[in-house]
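Listed next as structure tokens is one chain, alone, in the form predicted on its own.
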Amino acid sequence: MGQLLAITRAVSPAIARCELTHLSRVPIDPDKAAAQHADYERALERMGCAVRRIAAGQDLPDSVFIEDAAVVLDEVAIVTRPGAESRRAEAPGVAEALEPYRPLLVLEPPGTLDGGDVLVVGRSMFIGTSRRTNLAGIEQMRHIAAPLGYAVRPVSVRGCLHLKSAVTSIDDQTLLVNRAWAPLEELRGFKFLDVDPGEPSAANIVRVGTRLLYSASFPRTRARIERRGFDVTAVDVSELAKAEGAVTCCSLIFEESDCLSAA
């Protein structure tokens, strides 16, 4: 396994002007959000990642959620076209950060797609049909990914912002899921671990090699995961969560060796 890289983006001082779809707007402390983000980056470093942070501008309130601007595969990086028009200016900076590591492809209008709607598990690529990702965006992703050997599988998303709000993977066989937000029949072929009923937002988790990075806000679901034998590191991202962010949103993680061989 090569060096794991985690590309992150600084918290914008304008984060309080973030896009919101499912949460009511409440005050967000940019300094507290930045401190939590720094703790998140340090956790990634302890887990073996080389963290490379890019800057965010005053006019990019959501840019800390870098995952939505790109999808990084072993073979290529796809620069997305976010569903919220206010977020499309985030893409050039992310593309510049990824250019040394992957060949770049760019989604085109009328397609829209947020990276938070894309879950890659082995050679399966699940893509959520959400308010931010449309069928044209999914078809462009299929055109890119299918020739590379990925099976692109649309998944209906309901009651949450992105597919990864409803389901992420804890290994190549097991999905952590809130089945109220994503239908299990569209995720067939995998084992499932349900979130605790009292923690509906707990299905979002980051894989860092064989280890997992998770929000400290979901202790009961964390206990379920740990009982399966997984190594889980918890971080406080509660201020970022006020902007509808979660742990997967804040980084793009990939192996450097793969990208070098692809170049």
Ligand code: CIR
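Note that residue numbering follows the sequence shown and begins at 1. Fair warning: this is a prediction, and the values are worked out from it, not measured in the lab.
The discussion below concerns the form predicted in complex with the named molecule, not included here.
Want to guess which of 134-142, 119-127, 96-104, 155-163 is within 4.5 Å of the named molecule in the predicted bound form, heavy atoms only?
Result for this chain: 155-163.
State yes or no: in the predicted bound form, is some non-hydrogen atom of residue 239 no more than 4.5 angstroms from a non-hydrogen atom of the named molecule?
So residue 239 does not count as contacting the named molecule.
Even though the named molecule is not shown here, does residue 252 get within 4.5 Å of it in the predicted bound form, heavy atoms only?
Result no; residue 252 lies far from the named molecule in the predicted bound form.
Using a 4.5 angstroms cut-off on non-hydrogen atoms, would residue 65 count as touching the named molecule in the predicted bound form?
Judged by the heavy-atom cut-off of 4.5 Å, residue 65 is in contact with the named molecule in the predicted bound form.
Using heavy atoms and a 4.5 Å limit, would one call residue 81 a contact residue for the named molecule in the predicted bound form?
Heavy-atom contact with the named molecule at 4.5 Å: absent for residue 81.
Taking the named molecule in the predicted bound form, which residues along 217-235 bring a heavy atom to within 4.5 Å of it?
Not one residue comes within 4.5 Å of the partner.
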